[in-house]
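For reference, the chain that follows is the form predicted alone, supplied as structure tokens.
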Amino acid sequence: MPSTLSEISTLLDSAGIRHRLKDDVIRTGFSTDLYTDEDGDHGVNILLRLDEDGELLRVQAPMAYRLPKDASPETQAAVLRTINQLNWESKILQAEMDFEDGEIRFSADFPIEDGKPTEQQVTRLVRLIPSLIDLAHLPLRDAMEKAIPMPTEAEISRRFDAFLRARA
């Protein structure tokens, strides 16, 4: 039996997470430590919706960032490399970019199939997004503002080895 947004809303109520259910979507938001939105506020808006006839819970932070249409090819490449690295390092969160309008959003999908999500599962997904956006904020800002991509673990290791050799 598929889940309903009313059931998800009840789980959020039980967890003490303020939200609003309207137009087939649940809206909530959380404060952040590093991330700031376009208005400079330390907070992220989160949407919860059910797809695939109630068998998939999708939790999204839409419009977290927007890459300008006139961004240079170097900046675009840096942003894409950073998004790729964020996806590589996070096994749950997905960073996505829409080339049409430059929207960069974060999302997590939870397949429900024929079961029912628990309060712990739903709250983990909802609370995970703001913390991961905080972790992604500085690398994404470097990519968008300076065309510096987020380094891979191998690149960090090589830089550290070079640093140690230079000090020896």
Partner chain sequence: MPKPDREALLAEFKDRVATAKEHRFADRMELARAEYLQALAFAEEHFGAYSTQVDTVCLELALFYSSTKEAGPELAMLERRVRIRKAEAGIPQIVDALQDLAECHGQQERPEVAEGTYQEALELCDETIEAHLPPLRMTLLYFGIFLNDRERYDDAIAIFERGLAVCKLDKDPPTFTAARTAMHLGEALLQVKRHEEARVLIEAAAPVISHRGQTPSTAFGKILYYLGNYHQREDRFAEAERAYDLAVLQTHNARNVSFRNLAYIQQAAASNDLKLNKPLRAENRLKQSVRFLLKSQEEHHPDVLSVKQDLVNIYIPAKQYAKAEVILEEMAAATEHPDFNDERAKERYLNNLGFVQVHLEEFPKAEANLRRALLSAGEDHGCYVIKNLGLMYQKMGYVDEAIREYRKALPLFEEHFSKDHPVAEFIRGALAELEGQAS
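Because the structure is a prediction, the values reported are computed rather than measured. Numbering follows the first chain given and starts at 1.
What follows is about the form predicted in complex with its partner chain, which we do not show.
Asks: Just to confirm, Asp134 within 4.5 Å of its partner chain in the predicted bound form by heavy atoms?
Replies: Asp134 belongs to the contact set for its partner chain.
Asks: With a 4.5 Å heavy atom cut-off, would you call Asp142 a contact of its partner chain in the predicted bound form?
Replies: Residue-level check for Asp142: yes, a contact with its partner chain.
Asks: Is the gap between Asn84 and its partner chain in the predicted bound form 4.5 Å or less for some heavy atom pair?
Replies: No, Asn84 is distant from the partner.
Asks: Looking at the partner-bound form in the predicted bound form, is Leu47 within 4.5 Å of its partner chain by any heavy atom?
Replies: No - in the predicted bound form, heavy atoms of Leu47 and its partner chain never come within 4.5 Å of each other.
Asks: Which single stretch, out of 108-116, 66-74, 27-35, 50-58, brings residue heavy atoms within 4.5 Å of its partner chain in the predicted bound form?
Replies: Comparing against its partner chain in the predicted bound form, the contact stretch is 27-35.
Asks: Taking its partner chain in the predicted bound form, which residues along 88-119 bring a heavy atom to within 4.5 Å of it?
Replies: Glu89, Ser90 sit within 4.5 Å of the partner.
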